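Laid out below as C-alpha coordinates are two forms of one and the same protein chain, each shown alone and named structure 1 and structure 2.
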Structure 1
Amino acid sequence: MPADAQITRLKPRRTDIRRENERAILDAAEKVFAEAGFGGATMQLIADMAGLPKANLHYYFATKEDLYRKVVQQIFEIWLDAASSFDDAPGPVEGLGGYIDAKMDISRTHPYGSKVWASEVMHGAPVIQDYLETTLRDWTNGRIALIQHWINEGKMRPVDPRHLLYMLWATTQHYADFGHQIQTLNSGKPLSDRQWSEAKASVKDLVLRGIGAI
(Lines of atoms letter the chains of each structure in order from A and count residues from 1; the text may use other names and numbers.)
(Lines give C-alpha, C1' and ligand atoms only; values in the text may rest on other atoms or scores of the structure.)
Protein backbone atom coordinates (compact mmCIF):
# COMPACT_ATOMS: atom_id res chain seq x y z
CA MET A 1 0.00 0.00 0.00
CA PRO A 2 1.40 3.38 -1.03
CA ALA A 3 2.29 6.01 1.50
CA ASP A 4 -0.25 8.47 0.11
CA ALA A 5 -3.13 6.16 0.86
CA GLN A 6 -4.73 8.77 3.05
CA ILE A 7 -4.90 11.17 0.16
CA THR A 8 -5.74 9.03 -2.82
CA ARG A 9 -7.95 6.52 -1.09
CA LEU A 10 -10.60 5.43 -3.55
CA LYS A 11 -12.98 4.00 -1.02
CA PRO A 12 -14.34 6.89 1.02
CA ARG A 13 -14.77 6.53 4.73
CA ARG A 14 -18.21 6.26 6.28
CA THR A 15 -18.22 9.72 7.78
CA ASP A 16 -17.05 11.21 4.49
CA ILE A 17 -19.86 9.55 2.60
CA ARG A 18 -22.46 11.00 4.90
CA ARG A 19 -20.90 14.45 4.93
CA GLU A 20 -20.44 14.66 1.18
CA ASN A 21 -23.89 13.39 0.32
CA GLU A 22 -25.60 15.69 2.78
CA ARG A 23 -23.57 18.56 1.34
CA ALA A 24 -24.53 17.69 -2.24
CA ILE A 25 -28.18 17.35 -1.31
CA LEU A 26 -28.28 20.62 0.63
CA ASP A 27 -26.58 22.52 -2.18
CA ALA A 28 -28.97 21.13 -4.76
CA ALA A 29 -31.94 21.75 -2.51
CA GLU A 30 -30.94 25.37 -1.88
CA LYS A 31 -30.84 26.04 -5.59
CA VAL A 32 -34.07 24.23 -6.41
CA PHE A 33 -36.02 25.74 -3.51
CA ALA A 34 -34.77 29.18 -4.52
CA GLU A 35 -35.70 28.81 -8.16
CA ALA A 36 -39.01 27.00 -7.79
CA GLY A 37 -40.22 27.81 -4.28
CA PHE A 38 -41.08 25.19 -1.71
CA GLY A 39 -44.26 24.13 -3.46
CA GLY A 40 -42.72 24.12 -6.90
CA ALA A 41 -39.62 22.20 -5.89
CA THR A 42 -39.72 18.44 -6.31
CA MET A 43 -37.62 15.87 -4.54
CA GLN A 44 -36.94 14.28 -7.92
CA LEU A 45 -35.43 17.50 -9.28
CA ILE A 46 -33.25 17.94 -6.20
CA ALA A 47 -32.16 14.33 -6.47
CA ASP A 48 -31.23 14.73 -10.14
CA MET A 49 -29.26 17.88 -9.41
CA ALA A 50 -27.44 16.17 -6.55
CA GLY A 51 -26.74 13.12 -8.73
CA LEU A 52 -28.49 10.70 -6.40
CA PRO A 53 -31.62 8.58 -6.64
CA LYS A 54 -34.64 10.10 -4.99
CA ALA A 55 -34.93 7.33 -2.41
CA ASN A 56 -31.45 8.24 -1.25
CA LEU A 57 -32.59 11.73 -0.33
CA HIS A 58 -35.16 10.28 2.00
CA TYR A 59 -32.43 8.23 3.62
CA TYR A 60 -30.61 11.40 4.70
CA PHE A 61 -33.59 13.72 5.11
CA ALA A 62 -36.83 12.16 6.26
CA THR A 63 -39.18 14.61 4.58
CA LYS A 64 -39.18 17.53 2.17
CA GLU A 65 -39.95 19.88 5.07
CA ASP A 66 -36.98 18.49 6.96
CA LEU A 67 -34.63 19.22 4.08
CA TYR A 68 -36.11 22.67 3.57
CA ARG A 69 -35.70 23.55 7.22
CA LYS A 70 -31.97 22.76 7.08
CA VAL A 71 -31.54 24.98 4.04
CA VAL A 72 -33.22 27.92 5.75
CA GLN A 73 -31.18 27.46 8.91
CA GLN A 74 -27.98 27.55 6.87
CA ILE A 75 -28.47 31.03 5.42
CA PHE A 76 -29.62 32.36 8.75
CA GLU A 77 -26.39 31.24 10.39
CA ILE A 78 -24.33 32.75 7.59
CA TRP A 79 -26.03 36.08 8.16
CA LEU A 80 -25.49 35.91 11.88
CA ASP A 81 -21.79 35.36 11.33
CA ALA A 82 -21.65 38.40 9.06
CA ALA A 83 -22.99 40.50 11.88
CA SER A 84 -19.80 40.11 13.87
CA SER A 85 -18.26 43.04 11.99
CA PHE A 86 -20.99 45.05 13.62
CA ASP A 87 -20.01 44.47 17.18
CA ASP A 88 -16.37 45.26 17.64
CA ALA A 89 -16.56 48.53 15.71
CA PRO A 90 -15.71 51.92 17.21
CA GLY A 91 -18.43 53.73 15.29
CA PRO A 92 -21.04 53.61 12.52
CA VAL A 93 -18.60 54.08 9.65
CA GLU A 94 -16.73 50.90 10.50
CA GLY A 95 -19.69 49.06 11.99
CA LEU A 96 -22.41 49.74 9.44
CA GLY A 97 -19.92 50.00 6.58
CA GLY A 98 -18.48 46.62 7.43
CA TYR A 99 -21.93 45.12 7.84
CA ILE A 100 -22.99 46.41 4.42
CA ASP A 101 -19.83 44.98 2.87
CA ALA A 102 -20.46 41.62 4.48
CA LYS A 103 -24.14 41.47 3.55
CA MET A 104 -23.40 42.50 -0.04
CA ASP A 105 -20.74 39.82 -0.31
CA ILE A 106 -23.20 37.23 0.91
CA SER A 107 -25.77 38.42 -1.61
CA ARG A 108 -23.23 37.68 -4.29
CA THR A 109 -21.94 34.37 -2.97
CA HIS A 110 -25.20 32.96 -1.56
CA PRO A 111 -28.02 34.30 -3.74
CA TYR A 112 -29.99 31.07 -3.50
CA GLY A 113 -30.00 31.00 0.26
CA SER A 114 -31.13 34.61 0.40
CA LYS A 115 -34.04 33.83 -1.92
CA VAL A 116 -35.09 30.85 0.13
CA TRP A 117 -35.12 33.00 3.25
CA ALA A 118 -37.11 35.72 1.51
CA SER A 119 -39.63 33.20 0.26
CA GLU A 120 -39.95 31.67 3.71
CA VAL A 121 -40.63 35.01 5.36
CA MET A 122 -43.01 36.12 2.62
CA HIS A 123 -45.08 33.01 3.22
CA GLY A 124 -45.41 33.79 6.90
CA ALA A 125 -42.30 31.99 8.16
CA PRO A 126 -44.10 28.67 8.71
CA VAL A 127 -40.95 26.79 9.67
CA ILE A 128 -38.66 29.43 11.21
CA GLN A 129 -41.11 31.54 13.17
CA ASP A 130 -39.37 30.56 16.41
CA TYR A 131 -36.06 31.89 15.05
CA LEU A 132 -37.67 35.23 14.31
CA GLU A 133 -39.11 35.43 17.79
CA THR A 134 -35.94 34.49 19.62
CA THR A 135 -32.59 34.78 17.87
CA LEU A 136 -33.51 37.48 15.38
CA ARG A 137 -35.43 39.56 17.89
CA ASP A 138 -32.60 39.46 20.40
CA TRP A 139 -30.02 40.23 17.75
CA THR A 140 -32.07 43.15 16.46
CA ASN A 141 -32.62 44.65 19.89
CA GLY A 142 -28.91 44.40 20.59
CA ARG A 143 -27.98 46.22 17.39
CA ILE A 144 -30.63 48.87 17.98
CA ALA A 145 -29.08 49.57 21.38
CA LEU A 146 -25.66 49.80 19.79
CA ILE A 147 -26.83 52.23 17.12
CA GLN A 148 -28.60 54.29 19.75
CA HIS A 149 -25.34 54.36 21.67
CA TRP A 150 -23.56 55.79 18.63
CA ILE A 151 -26.29 58.39 18.31
CA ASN A 152 -25.93 59.36 21.95
CA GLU A 153 -22.21 59.72 21.44
CA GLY A 154 -22.85 62.10 18.55
CA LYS A 155 -21.26 59.77 16.01
CA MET A 156 -24.31 59.91 13.77
CA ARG A 157 -27.60 61.74 13.37
CA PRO A 158 -30.60 60.69 15.44
CA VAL A 159 -32.34 58.34 13.04
CA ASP A 160 -34.69 55.52 13.98
CA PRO A 161 -32.30 52.55 14.36
CA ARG A 162 -35.04 50.06 13.54
CA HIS A 163 -35.89 51.54 10.16
CA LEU A 164 -32.22 51.98 9.44
CA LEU A 165 -31.72 48.25 9.96
CA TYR A 166 -34.68 47.46 7.71
CA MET A 167 -33.16 49.61 5.01
CA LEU A 168 -29.86 47.78 5.30
CA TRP A 169 -31.49 44.37 5.12
CA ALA A 170 -33.75 45.37 2.26
CA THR A 171 -31.07 47.00 0.16
CA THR A 172 -28.33 44.43 0.57
CA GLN A 173 -30.63 41.45 0.06
CA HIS A 174 -32.25 43.12 -2.93
CA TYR A 175 -29.07 42.43 -4.91
CA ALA A 176 -29.62 38.71 -4.33
CA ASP A 177 -33.40 38.39 -4.28
CA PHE A 178 -33.96 40.67 -7.27
CA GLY A 179 -30.73 39.71 -8.96
CA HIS A 180 -32.59 38.61 -12.03
CA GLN A 181 -34.26 42.00 -12.41
CA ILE A 182 -30.95 43.78 -11.86
CA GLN A 183 -29.31 41.58 -14.45
CA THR A 184 -32.09 42.28 -16.96
CA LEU A 185 -31.65 46.02 -16.39
CA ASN A 186 -27.90 45.51 -16.91
CA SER A 187 -28.37 44.46 -20.54
CA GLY A 188 -28.97 40.88 -19.43
CA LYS A 189 -25.44 40.49 -18.10
CA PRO A 190 -24.53 39.68 -14.47
CA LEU A 191 -22.85 42.48 -12.58
CA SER A 192 -19.10 42.49 -13.11
CA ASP A 193 -16.58 42.68 -10.30
CA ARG A 194 -16.32 46.40 -10.95
CA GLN A 195 -20.09 46.85 -10.88
CA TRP A 196 -20.36 44.98 -7.60
CA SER A 197 -17.75 47.28 -6.12
CA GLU A 198 -19.69 50.27 -7.35
CA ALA A 199 -22.88 48.87 -5.89
CA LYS A 200 -21.26 48.38 -2.49
CA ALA A 201 -19.73 51.85 -2.60
CA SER A 202 -23.05 53.43 -3.61
CA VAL A 203 -24.98 51.72 -0.84
CA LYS A 204 -22.40 52.62 1.79
CA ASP A 205 -22.20 56.17 0.54
CA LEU A 206 -25.97 56.67 0.57
CA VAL A 207 -26.43 55.10 3.99
CA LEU A 208 -23.48 56.69 5.76
CA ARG A 209 -24.37 60.09 4.35
CA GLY A 210 -27.98 59.51 5.25
CA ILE A 211 -27.13 58.97 8.88
CA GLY A 212 -24.66 61.82 8.90
CA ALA A 213 -21.67 59.65 9.74
CA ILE A 214 -19.55 61.08 6.92
Structure 2
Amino acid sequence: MPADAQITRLKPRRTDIRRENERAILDAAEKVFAEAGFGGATMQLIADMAGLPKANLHYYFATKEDLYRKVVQQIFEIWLDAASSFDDAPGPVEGLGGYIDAKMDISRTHPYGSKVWASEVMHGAPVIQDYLETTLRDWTNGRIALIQHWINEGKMRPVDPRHLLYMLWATTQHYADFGHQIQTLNSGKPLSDRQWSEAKASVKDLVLRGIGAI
Protein backbone atom coordinates (compact mmCIF):
# COMPACT_ATOMS: atom_id res chain seq x y z
CA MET A 1 0.00 0.00 0.00
CA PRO A 2 1.39 3.45 -0.89
CA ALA A 3 2.50 5.51 2.12
CA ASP A 4 0.06 8.34 1.31
CA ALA A 5 -2.89 5.95 1.25
CA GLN A 6 -1.84 4.44 4.57
CA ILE A 7 -1.65 7.90 6.20
CA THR A 8 -5.08 8.76 4.80
CA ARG A 9 -6.54 5.64 6.44
CA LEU A 10 -4.84 6.33 9.77
CA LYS A 11 -6.05 9.93 10.14
CA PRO A 12 -9.78 9.13 10.40
CA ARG A 13 -8.97 6.35 12.87
CA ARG A 14 -7.00 8.75 15.08
CA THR A 15 -9.87 11.21 14.88
CA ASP A 16 -12.28 8.49 15.99
CA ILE A 17 -10.06 7.54 18.93
CA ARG A 18 -9.76 11.16 20.00
CA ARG A 19 -13.53 11.59 19.81
CA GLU A 20 -14.13 8.40 21.78
CA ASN A 21 -11.64 9.41 24.46
CA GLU A 22 -13.12 12.88 24.82
CA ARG A 23 -16.60 11.39 25.11
CA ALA A 24 -15.45 8.91 27.78
CA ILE A 25 -13.73 11.69 29.73
CA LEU A 26 -16.71 14.05 29.56
CA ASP A 27 -19.19 11.33 30.54
CA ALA A 28 -17.03 10.36 33.51
CA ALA A 29 -16.39 13.97 34.52
CA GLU A 30 -20.10 14.77 34.38
CA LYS A 31 -20.85 11.96 36.85
CA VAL A 32 -17.92 12.69 39.18
CA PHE A 33 -18.58 16.44 39.31
CA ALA A 34 -22.28 15.78 39.93
CA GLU A 35 -21.57 13.43 42.84
CA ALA A 36 -18.44 15.01 44.37
CA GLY A 37 -18.72 18.65 43.35
CA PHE A 38 -15.88 20.66 41.85
CA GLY A 39 -13.91 20.68 45.09
CA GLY A 40 -14.26 16.97 45.78
CA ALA A 41 -13.53 15.79 42.24
CA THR A 42 -10.00 14.90 41.19
CA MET A 43 -8.49 14.24 37.80
CA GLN A 44 -7.41 10.81 39.03
CA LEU A 45 -10.97 9.93 40.04
CA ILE A 46 -12.28 11.04 36.66
CA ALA A 47 -9.55 9.08 34.86
CA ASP A 48 -10.45 5.95 36.82
CA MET A 49 -14.13 6.42 35.99
CA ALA A 50 -13.30 6.88 32.30
CA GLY A 51 -10.96 3.87 32.27
CA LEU A 52 -8.07 5.96 30.97
CA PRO A 53 -4.61 6.90 32.29
CA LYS A 54 -4.55 10.22 34.12
CA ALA A 55 -2.04 11.52 31.57
CA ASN A 56 -4.72 11.20 28.88
CA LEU A 57 -6.97 13.62 30.76
CA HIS A 58 -4.25 16.24 30.87
CA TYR A 59 -3.62 15.71 27.15
CA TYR A 60 -7.23 16.70 26.39
CA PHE A 61 -7.84 19.08 29.33
CA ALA A 62 -4.89 20.84 30.94
CA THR A 63 -6.61 21.50 34.27
CA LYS A 64 -9.60 20.34 36.28
CA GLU A 65 -11.20 23.75 35.74
CA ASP A 66 -10.85 23.40 31.96
CA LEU A 67 -12.63 20.04 32.13
CA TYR A 68 -15.30 21.38 34.47
CA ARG A 69 -16.06 24.32 32.23
CA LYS A 70 -16.35 21.97 29.25
CA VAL A 71 -18.88 19.82 31.14
CA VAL A 72 -20.93 22.91 32.03
CA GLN A 73 -20.65 24.27 28.49
CA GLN A 74 -21.76 20.93 27.09
CA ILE A 75 -24.99 20.72 29.09
CA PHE A 76 -25.78 24.35 28.31
CA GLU A 77 -25.27 23.75 24.58
CA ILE A 78 -27.59 20.74 24.81
CA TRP A 79 -30.17 22.99 26.46
CA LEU A 80 -29.66 25.59 23.73
CA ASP A 81 -30.39 22.93 21.12
CA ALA A 82 -33.59 22.12 23.02
CA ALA A 83 -34.59 25.76 22.72
CA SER A 84 -34.54 25.51 18.93
CA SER A 85 -38.28 24.78 19.24
CA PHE A 86 -38.66 28.50 19.87
CA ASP A 87 -37.17 29.39 16.50
CA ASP A 88 -39.87 30.27 13.98
CA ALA A 89 -42.56 28.72 16.21
CA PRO A 90 -45.93 30.27 15.34
CA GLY A 91 -46.97 30.41 18.98
CA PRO A 92 -46.51 29.15 22.54
CA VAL A 93 -48.18 25.78 21.95
CA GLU A 94 -45.49 24.78 19.48
CA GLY A 95 -42.63 26.81 21.00
CA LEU A 96 -43.10 26.17 24.70
CA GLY A 97 -44.58 22.71 24.15
CA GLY A 98 -41.57 21.60 22.14
CA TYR A 99 -39.21 23.18 24.67
CA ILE A 100 -40.79 21.28 27.56
CA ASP A 101 -40.59 18.00 25.63
CA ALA A 102 -36.92 18.54 24.81
CA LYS A 103 -35.90 19.72 28.28
CA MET A 104 -37.55 16.76 29.97
CA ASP A 105 -35.89 14.37 27.52
CA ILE A 106 -32.55 15.92 28.46
CA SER A 107 -33.31 15.47 32.15
CA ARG A 108 -33.73 11.78 31.41
CA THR A 109 -30.64 11.34 29.23
CA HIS A 110 -28.24 13.83 30.91
CA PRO A 111 -29.20 13.91 34.61
CA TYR A 112 -25.63 14.37 35.83
CA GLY A 113 -25.04 17.42 33.64
CA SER A 114 -28.11 19.11 35.09
CA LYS A 115 -26.91 18.33 38.62
CA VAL A 116 -23.48 19.84 37.89
CA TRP A 117 -25.13 23.04 36.67
CA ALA A 118 -27.48 23.21 39.66
CA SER A 119 -24.69 22.67 42.18
CA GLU A 120 -22.48 25.29 40.54
CA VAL A 121 -25.22 27.92 40.58
CA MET A 122 -26.28 27.10 44.16
CA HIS A 123 -22.69 27.75 45.25
CA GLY A 124 -22.67 31.18 43.63
CA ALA A 125 -21.26 30.10 40.26
CA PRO A 126 -17.59 30.49 41.30
CA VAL A 127 -16.31 28.97 38.05
CA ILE A 128 -18.92 29.94 35.42
CA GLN A 129 -20.17 33.35 36.56
CA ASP A 130 -18.85 34.89 33.35
CA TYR A 131 -20.91 32.37 31.38
CA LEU A 132 -24.06 33.35 33.25
CA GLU A 133 -23.41 37.04 32.63
CA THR A 134 -22.92 36.63 28.89
CA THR A 135 -24.27 33.54 27.11
CA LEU A 136 -27.13 32.75 29.50
CA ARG A 137 -28.20 36.40 29.83
CA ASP A 138 -28.27 36.90 26.06
CA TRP A 139 -30.22 33.67 25.51
CA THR A 140 -32.73 34.55 28.24
CA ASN A 141 -33.32 38.05 26.91
CA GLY A 142 -33.97 36.64 23.45
CA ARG A 143 -36.56 34.17 24.76
CA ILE A 144 -38.22 36.87 26.86
CA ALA A 145 -38.66 39.02 23.77
CA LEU A 146 -40.24 36.14 21.85
CA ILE A 147 -42.66 35.23 24.65
CA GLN A 148 -43.62 38.90 24.95
CA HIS A 149 -44.30 38.90 21.21
CA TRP A 150 -46.75 36.02 21.64
CA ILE A 151 -48.42 37.92 24.48
CA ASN A 152 -48.74 41.03 22.33
CA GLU A 153 -50.35 38.92 19.60
CA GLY A 154 -52.93 37.61 22.08
CA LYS A 155 -51.71 34.02 21.83
CA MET A 156 -51.28 33.66 25.60
CA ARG A 157 -52.15 35.47 28.81
CA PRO A 158 -50.00 38.45 29.86
CA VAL A 159 -47.61 36.77 32.27
CA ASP A 160 -44.07 37.79 33.17
CA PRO A 161 -41.91 35.96 30.57
CA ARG A 162 -38.89 35.87 32.87
CA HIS A 163 -40.73 34.07 35.66
CA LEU A 164 -42.34 31.73 33.17
CA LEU A 165 -38.87 30.67 32.03
CA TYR A 166 -37.71 30.22 35.63
CA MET A 167 -40.70 27.98 36.28
CA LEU A 168 -40.03 25.91 33.15
CA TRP A 169 -36.39 25.41 34.13
CA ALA A 170 -37.31 24.40 37.67
CA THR A 171 -40.02 21.99 36.56
CA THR A 172 -38.18 20.22 33.74
CA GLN A 173 -34.85 20.00 35.56
CA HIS A 174 -36.53 18.68 38.70
CA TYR A 175 -36.72 15.30 36.96
CA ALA A 176 -32.91 15.24 36.81
CA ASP A 177 -31.86 17.08 39.96
CA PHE A 178 -34.32 15.21 42.18
CA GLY A 179 -34.37 11.98 40.21
CA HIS A 180 -33.67 9.89 43.29
CA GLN A 181 -36.68 11.37 45.06
CA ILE A 182 -38.91 10.69 42.06
CA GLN A 183 -37.62 7.13 41.81
CA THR A 184 -38.23 6.57 45.54
CA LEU A 185 -41.81 7.78 45.19
CA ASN A 186 -42.20 5.51 42.16
CA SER A 187 -41.80 2.33 44.25
CA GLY A 188 -38.02 2.56 43.92
CA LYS A 189 -38.10 2.22 40.13
CA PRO A 190 -37.03 4.65 37.39
CA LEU A 191 -39.89 6.12 35.39
CA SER A 192 -40.84 3.89 32.48
CA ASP A 193 -41.18 5.14 28.92
CA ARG A 194 -44.93 5.37 29.46
CA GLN A 195 -44.51 7.33 32.68
CA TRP A 196 -42.11 9.75 31.02
CA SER A 197 -44.61 10.34 28.21
CA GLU A 198 -47.35 10.94 30.76
CA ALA A 199 -45.14 13.32 32.74
CA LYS A 200 -44.32 15.40 29.67
CA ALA A 201 -47.95 15.54 28.63
CA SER A 202 -49.03 16.59 32.12
CA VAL A 203 -46.43 19.35 32.41
CA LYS A 204 -47.28 20.71 28.96
CA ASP A 205 -51.00 20.66 29.73
CA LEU A 206 -50.55 22.46 33.06
CA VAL A 207 -48.29 25.13 31.58
CA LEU A 208 -50.14 25.77 28.34
CA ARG A 209 -53.54 25.86 30.04
CA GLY A 210 -52.15 28.06 32.78
CA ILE A 211 -50.96 30.69 30.33
CA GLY A 212 -54.13 30.47 28.28
CA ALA A 213 -52.48 29.07 25.19
CA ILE A 214 -54.96 26.18 24.89
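Just so we're on the same page, rigid core means the largest C-alpha set that superposes within 1.5 Å between forms. When a residue number appears, read it as a position in the sequence of structure 1, where counting begins at 1. Since we're looking at a predicted model, the values are computed, not measured.
- Structure 1, rather than structure 2, originates from the form predicted together with another copy of the chain.
- In a rigid-core overlay of the protein, residue 45 has its C-alpha displaced by at least 2 Å between structures 1 and 2.
- Residue displacement note: residue 20 has its CA displaced by at least 2 Å between structures 1 and 2 (rigid core superposed).
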